[in-house]
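You are given C-alpha cells for the same protein chain in two forms, set apart as structure 1 and structure 2.
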Structure 1
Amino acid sequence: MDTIIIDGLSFALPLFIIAIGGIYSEKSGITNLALEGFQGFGAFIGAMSAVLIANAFGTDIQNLFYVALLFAMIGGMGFSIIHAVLSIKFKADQVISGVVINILALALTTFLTTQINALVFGAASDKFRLGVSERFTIEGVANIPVIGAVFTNVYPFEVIIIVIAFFAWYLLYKTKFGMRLRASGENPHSVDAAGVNVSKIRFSAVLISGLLSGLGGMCFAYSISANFSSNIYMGYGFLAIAALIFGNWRILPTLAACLLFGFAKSGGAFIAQSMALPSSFTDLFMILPYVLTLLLLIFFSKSNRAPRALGEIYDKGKR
C-alpha cells in the first residue's frame, strides 16, 4: 500500500508540473503539444550541465541536483522560445509548430548527447548518467498509517514542485497577470481593448510552460530513468496534455487527474508484483491508467470546454 502512494506521488508530481505549464500556455490561447519536447530538452540541458560541471570540478553528480534543476528550467524556457516565436510572431499553425518542436527536440538532443559524450569523455555513449536523487523521510509523521506514506521516501523535488505549483496557482487565479492571461485565451480582443499587449502575455505564458516542463523532465530523469537518454521521450508530455484536458484546463482538477495516473500506474505495477505473475503480465497492468482515463472521460467530458480562443492566431483586425 505504501509503495503505491510513494511511487504514485513521485510519478504524478512531475507530470503535474508539466501539465501546469500546459495550462498556462493553453489558457493564454496557445495550443501546446510541444510539452514533450520542452521537458526532454530541459532535461537534456540540465543533465548536460550537471555532467559537465561534475567533470570539470570533480564534484559528485548527486550534489549537483539543484544545479541541474535550475539549468533544466532555463533550457526548457530557452527551447520554448521557438514555439512562442513560431506561433505568435510567425503566426504558424500552433499544432504543427508543437509537433515539429517535439521532433526537433528528440533529434537535437540525441545528436548532441552522442556528440558531447564523444568530445568530452571520448566514448560515444547516448546517455548522461545521473543516478537517482536522494530521498528523505520525515520521522514521526511517517509512522501514521496510510497518510504517513506521503512523508516517506520523498524526493526533494516533490517539495519543490508543490511549492512552485502553489505559486503557479496563485499567479494564475489571484493576480492581474493571471487574469489577463486567462482572458487572452477567452477573448483576446477585449484584452487588447483594455490596453494590454496580447502577444506579450501569450509569449510569457509559453515561456512559463517551457520552464515548468523543463523542471518536470529533469525530475523524471533524476528518478525513474536515473540518466538522460532519448528514453526521456516516453510520452510524459502527452500524458500531461491528457491530464490537463481531463482536468478541464483548471489546476486543481488537473492535480487530481495526475494523481489518478500516478496511483493507477503504481497500483498496476504493485498488483502485478504481488500476484507474482510473469513479467509479461506487467504490460497488461500498465494499461490501467489509460483505460481508466478513457472510461472516466466518457462520463465527465460532456461539460469539458477548451478556452474559446485556443489555437486561434490573434489578429488585431479581425472582429
Structure 2
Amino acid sequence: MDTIIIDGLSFALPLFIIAIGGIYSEKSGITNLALEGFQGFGAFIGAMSAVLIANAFGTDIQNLFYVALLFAMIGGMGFSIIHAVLSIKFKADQVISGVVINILALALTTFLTTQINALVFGAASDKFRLGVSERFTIEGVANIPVIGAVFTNVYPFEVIIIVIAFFAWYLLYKTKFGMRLRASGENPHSVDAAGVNVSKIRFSAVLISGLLSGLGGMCFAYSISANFSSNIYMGYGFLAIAALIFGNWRILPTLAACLLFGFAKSGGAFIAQSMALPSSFTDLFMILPYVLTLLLLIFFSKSNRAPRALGEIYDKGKR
C-alpha cells in the first residue's frame, strides 16, 4: 500500500503541474494540445544544461538538480512562444498548432540529443543520462500508518510542485490578473472594453503553460526515466489535458483526477510485480491510467463545461 502511494504521488504531481499550465492557457481562451511538446522540450533544455555544465566543470550531475529544473522551466516557456505567436498573432488554428508543435518537439529534441552526445561525448546516444533524484523522509510523521507514506521517500520536486501549485491557484483565483485571464476565456470583448489587452493576457497564459509544463517534464526525467530521451513523450501531456478536462478546468478537481491517474499507474505496476508476471503482461497493467481516461470520458464528459471562448480566434472588431 505504501509503495502505491509513494509512486503514485511521484507521478501524479508532475502531471498536475502540467495540467495547471493547461488550465491557465485554456482559461484564457487558447486551446493547448501542445503540453506534450512543452514538457518534452523543457525537459530537453534542462537535461542538456545539467549535462553540459557537469561536463564543463567536472561537477556531479546530481548536484545540478535545481539548475536543471530552472532551465527546464525556461526552455518550456521559450518553446511555448511558438504556440502563442501562431495562435494569437497569426490567428492559426490552435489545434493544428498544438499537434505540429508536439511533432516538432519530438523530432527536434531527438535529433539534437544525438548530435550533442556525438560532438561532446563521442557517443551516438539518443538520451542524456541524469540519474534518479535523491529522496528524503520526514521522520516521525512517516511512521503513521497509510498517511505516513505521503512523507516517505519524497522527491524534492514534489515539495516544489506543491508550493508552485498553491501560488498558481492564488494567482488564478485571487488576483486581478487571474480574474482578467478567466474573463478572457469567457467574454474577451468585455475584457477589451475594460481597457485590458486580451492578446497580452492570452500570450502570458500560454507562456505560463510552457513554464509549468517544462517543470513537469523535468520531474518525469529525474524520477520515472532517470534520463532524458524520447521516452519522455509517453502521452503524459495528453493525460494532463484529460485531467484538466475531467477537473472541469478547475485546479483542485484536476488534482483529484491526477491523483487517480497516479494511483492507477502505481497500482498497476504493484499488481504486476506482486504476481511476478512476464514483462509483456506488466506492460498491459501500465495502460490503466489510459483506460481510466476512456471510462471517465464516457461517464463524465457531458457534465463538463469548457470556457465559452475556448479556441475562438479573438477579433477585436467582432461583437
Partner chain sequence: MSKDKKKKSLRYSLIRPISNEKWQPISIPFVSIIISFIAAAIVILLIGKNPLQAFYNLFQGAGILPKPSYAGYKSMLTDFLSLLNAMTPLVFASLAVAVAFRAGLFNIGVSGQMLVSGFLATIIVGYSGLDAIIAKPLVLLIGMVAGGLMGGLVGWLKYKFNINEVVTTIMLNYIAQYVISFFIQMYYIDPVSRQSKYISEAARLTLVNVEIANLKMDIPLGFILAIITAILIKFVMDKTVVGFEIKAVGNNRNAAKYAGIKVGRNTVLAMVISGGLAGLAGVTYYLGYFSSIQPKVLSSIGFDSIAVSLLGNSHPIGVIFSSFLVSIIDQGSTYMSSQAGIRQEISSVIIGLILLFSACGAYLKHKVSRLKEKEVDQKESES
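Just so we're clear, the structure is a prediction, and the values are computed from it rather than from any experiment. C-alpha atoms forming the largest set that superposes within 1.5 Å between two forms make up the rigid core. One-based numbering along structure 1's sequence throughout.
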property	result
Which of the two shown structures is the form predicted alone	2
R308 C-alpha relocation of at least 2 Å between structures 1 and 2, rigid core basis	no
